[in-house]
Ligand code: NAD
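Quick heads-up: it's one chain on its own, the form predicted alone, in structure tokens.
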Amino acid sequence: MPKIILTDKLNEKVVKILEKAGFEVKIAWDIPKEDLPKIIGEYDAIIVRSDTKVRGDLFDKAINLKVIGRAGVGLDNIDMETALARNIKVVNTPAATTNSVAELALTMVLSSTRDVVKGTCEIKSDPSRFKSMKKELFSSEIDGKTLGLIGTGRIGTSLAVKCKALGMKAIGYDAYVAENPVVEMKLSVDDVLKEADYISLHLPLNKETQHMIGRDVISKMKKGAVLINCARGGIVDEHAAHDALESGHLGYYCTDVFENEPPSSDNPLLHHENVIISPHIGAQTKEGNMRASIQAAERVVEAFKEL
């Protein structure tokens, strides 16, 4: 009977799926991550979300590991080079949290447009500001505005569908996709930047995308544009984003991710009023977690059948 360990919080339906398939299941999402290397050697498989990093000492001690399941899209928390070298199968769930992340990006579009966060913080700290804030927060509408997507895969396309339903135009660029049924595809990133009122990033983090959104790219955006990053920390040069906010060139920076998480208290983005932050919760919905959990379990079962 193969043994599998679940190290990040998953929907409990996973246990039934795995036990039915003949696995001995260990629920370990309450075990401190630093203690996992002490027990990982017993297990043939592991399912993680983003908190567990399958690399370094954990990977070194995983002497019996045959399959890694990632309940989510990104694989940057897994040492893929070592997995390949050791012939360990890695499976993920690329479509499971598409809607969850797209809805968060849409929330960023709407929140930045209507200054919801700014109004909430001001009035909670000083209720007497209620009437004056009403005059100060004289904002605009998204109807008729242009959404620019850098990356038009599942999440970007889902966001485009939602924004178009609210009256927006959707344009995009993708280095690997030339056509998209709901997005007007452009020939370059620059073509997107010069037209878009909102730029939403939907890219993996790799050598090509590290600090891709730096000073030069931001300078090509429309003055007052909103930059949204619900993808990966490190794609945006955070100092460049802050400087663009300070100069007024960038209207808002909305981010679910940071290059270093948690961000240090001296990160200037934490102290700018035109920054909207969520703590890497793009995939954190009940529905998304259930889909990702179930799909990860099913794919691990299938992977074992192929061994």
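All values reported here derive from a predicted model rather than from experimental measurement. Start at 1 and count along the sequence shown; that's the residue number.
Keep in mind that the form predicted together with the named molecule is missing from the display, and what follows is about it.
- Using a 4.5 angstroms heavy atom cutoff to the named molecule in the predicted bound form, all of 155, 176 and 280 count as contacting.
- This chain appears without its partner; in the predicted bound form, the one residue of 136, 216, 208, 141 with a heavy atom within 4.5 Å of the named molecule is 208.
- Taking a 4.5 Å heavy atom cutoff to the named molecule in the predicted bound form, the contact residue among 88, 150, 168, 221 is 150.
- In the predicted bound form, the named molecule sits within 4.5 Å of a heavy atom belonging to residue 204.
- Contact between residue 212 and the named molecule in the predicted bound form is found at the 4.5 Å heavy atom cutoff.
- The named molecule in the predicted bound form comes within 4.5 Å of a heavy atom belonging to residue 256.
- Interface residue remark: residue 108 is not counted as part of the site for the named molecule in the predicted bound form, having no heavy atom within 4.5 Å.
- In summary, the region of this chain contacting the named molecule in the predicted bound form, judged by heavy atoms within 4.5 Å and restricted to 128-136, 112-120, 79-87, 224-232, corresponds to 224-232.
- With contact defined as any non-hydrogen atom lying within 4.5 angstroms of the named molecule in the predicted bound form, 73 is the only contacting residue in 64-80.
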